[in-house]
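Consider the single chain below, provided in structure tokens and representing the form predicted on its own.
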Amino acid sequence: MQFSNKTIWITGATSGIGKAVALEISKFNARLILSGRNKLALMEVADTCKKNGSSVLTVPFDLGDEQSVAAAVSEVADQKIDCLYHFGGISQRSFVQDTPLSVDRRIFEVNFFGTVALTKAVLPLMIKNGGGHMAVTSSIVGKFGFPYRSAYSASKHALHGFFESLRAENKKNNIRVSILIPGRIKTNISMHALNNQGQPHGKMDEGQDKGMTSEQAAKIICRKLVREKKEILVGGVDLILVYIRRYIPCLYYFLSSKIKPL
């Protein structure tokens, strides 16, 4: 699969990895549909993508609002969408015992239900057009639990289960699925993460500040999206925890109890 002349819908395109992937793909003469909540930021990304040689349609919407998701899909229903790449989402910085259920629900509304709602709306269109490629952004904490990330981690675990099921059900329909698993990438995700009051955390995590840049991550992700890899891990030495959890679980349990949450 190549990006050239493909219609590719990218959510979370206003910042972080989503923005970086949109800018990277725009170099390959693609037809981009870009979405996010911040209309001004979305237009700025779109302008750069156009300068890079791709056509762009901006469709701002809120993943946490089901009606907003439905309106966005109706706006592009006449397009032949070849790829749907999910990068929209929100993180968390709070302990389980301090977090009200309303905050857990908000994180799931955005990360899981919003993503699923968009996927379910686009899936029949892809099947009708002969197939397509979907990618969803999980996290290394979609592979294991992590302090201060309970609902965030749970929402990412849920995405793994949903999209692996979708892949298995729709192989006959030529629907291919990639699950992106970033480690520490230097973005503003910790700044916007919800605390136990449902407010932005407002701080850059020390480990994240030292992470791979979103531009570096985007290049790796795009190379593997072209190959339609089923799982795409991207990050630094932090990715070793995925393998420790898989092959040496007793060591993982020890380390996870020692990890500083911030």
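Numbering starts at 1 and follows the sequence shown. Bear in mind that the values here come from a model prediction, so they are computed numbers and not experimental data.
Form predicted together with a small molecule: not shown, discussed below.
Q) Which one of 215, 205, 231, 62 is close to the small molecule in the model of the complex, taking close to mean a heavy atom within 4.5 Å? A) Comparing distances to the small molecule in the model of the complex, the residue within 4.5 Å is 62.
Q | Listed residue that, although the small molecule is not shown, lies within 4.5 Å of it in the model of the complex (heavy atoms), from 99, 153, 187, 178 | A | Selected option: 187.
**Q.** Contact flag, residue 127 vs the small molecule in the model of the complex, heavy atom cut 4.5 Å
**A.** No.
Q. Contact between residue 38 and the small molecule in the model of the complex at 4.5 Å, heavy atoms?
A. Heavy-atom contact with the small molecule at 4.5 Å: present for residue 38.
Q: Spell out, yes or no, whether the shortest heavy atom distance between residue 106 and the small molecule in the model of the complex is within 4.5 Å.
A: Yes, residue 106 is a contact residue.
Q: Report yes if any heavy atom of residue 183 sits within 4.5 Å of a heavy atom of the small molecule in the model of the complex; otherwise report no.
A: Looking in the model of the complex, residue contacts with the small molecule include residue 183, since a heavy atom lies within 4.5 Å.
Q. If contact means any heavy atom within 4.5 Å, which of 74-82, 166-174, 135-143, 119-127 contacts the small molecule in the model of the complex?
A. One stretch meets the cut-off, namely 135-143.
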